[in-house]
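Heads up, the chain below is alone and in the form predicted on its own; it's given as structure tokens.
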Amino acid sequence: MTKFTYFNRRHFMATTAATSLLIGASHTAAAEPIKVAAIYTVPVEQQWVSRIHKAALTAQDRGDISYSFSENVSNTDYARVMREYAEAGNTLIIGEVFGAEQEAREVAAEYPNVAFLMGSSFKEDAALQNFSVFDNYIQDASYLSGIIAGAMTESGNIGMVGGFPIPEVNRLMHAFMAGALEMNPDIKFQVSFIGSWFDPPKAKETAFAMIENGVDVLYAERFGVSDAAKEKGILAIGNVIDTQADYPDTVVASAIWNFEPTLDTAIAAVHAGTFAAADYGVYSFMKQGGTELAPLGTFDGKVPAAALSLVRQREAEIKSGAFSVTINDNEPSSS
């Protein structure tokens, strides 16, 4: 049994003066850049981590932070690196602790004057006020990309290749499937997970197998999938980053994750001395600017007008709150 506190994934704990932990109070009013470190378990070019890295570099360029990072840190070494950065005087430490939840929270408890903002499958704990969590809740844009995929498939057979069947991946796949089904309720899906966050060759081989089984559109949750689509002359839908420049004849659309709203909110809280335990996942929602559908680029004019009309309608409704994309964290299956 874990000791973590669980909450509804749509819930956001409001940060109040009564619950705030005074972290970095000497940095109020953005008097000087705060010292920020990031710890990544994969290379910074990996989709998910690259978005965090990009946001941190942007904040550094603005002069809000000084930024250092470590990549390819193993889960077994994560706690040690956290301690090193805390001892080095970093005011805010960011990263992703999906494989080191318990250890990461134990380290955070040892450094109550350091703010920790970590990608996590769990929620914040009121007893650990300097540890906040986030996740890529980009289901809004994933849903919109599904609408486009549903309009572009001719076989009605779509392949989906993911890393691991964890909530962070599952919810995006389900949203994508819901969008595709709204365009065509008869679409069938082939779903597979490669058991790795960064294994392009394995993702590519898995995609090849799906193509042999008749798919004509691939959901590229992992690197390597779009390579298979390109080689076989079929279409792909991107995830987290926009890769169309690399695959101009292959990647039709992509759901983009913008980490800037999440990180900038945390930086402001540290500057103000009001950083507290909270779920920052809400800042990945479309109405917060945390996600968007990438421009169609080379596919402008090639996507059916009915699909684009529905995309525009749903996007406006999502931003206004009139339409909500269902968040389903359960493992998806082939149909």
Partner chain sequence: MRLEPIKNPTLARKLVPPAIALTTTIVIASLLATVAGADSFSVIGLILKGAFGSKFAILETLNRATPLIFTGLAVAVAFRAKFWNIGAEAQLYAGALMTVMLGTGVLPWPSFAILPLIIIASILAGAIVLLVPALLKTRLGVDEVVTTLLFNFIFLLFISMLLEGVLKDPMGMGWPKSARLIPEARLPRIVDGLRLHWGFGLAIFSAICIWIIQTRSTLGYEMRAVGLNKDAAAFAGIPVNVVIVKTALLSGGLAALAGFSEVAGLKGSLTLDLSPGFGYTGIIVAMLALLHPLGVIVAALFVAGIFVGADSMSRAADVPTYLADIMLATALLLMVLAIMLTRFRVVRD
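Treat the numbers as computed from the prediction; the structure is a model and nothing was measured. Positions refer to the first chain, counted from 1.
The protein also exists as the form predicted in complex with the partner chain; that form is not presented, and the subsequent description refers to it.
Listed residues A79, I256, I187, A178 were compared with the partner chain in the model of the complex; A79 is the one with a heavy atom within 4.5 Å.
The partner is absent here; in the model of the complex, the one residue of N72, N113, S155, S192 having a heavy atom within 4.5 Å of the partner chain is N72. Note on the interface: of 141-149, 223-231, 238-246, 117-125, the segment with non-hydrogen atoms within 4.5 angstroms of the partner chain in the model of the complex is 117-125. Contact check for E212: no non-hydrogen atom falls within 4.5 Å of the partner chain in the model of the complex. At least one heavy atom of P165 is located within 4.5 Å of the partner chain in the model of the complex. Using a 4.5 Å cutoff between non-hydrogen atoms, D216 does not count as a contact of the partner chain in the model of the complex. Not displayed here, the partner chain is approached by P43 to within 4.5 Å at the level of heavy atoms in the model of the complex.
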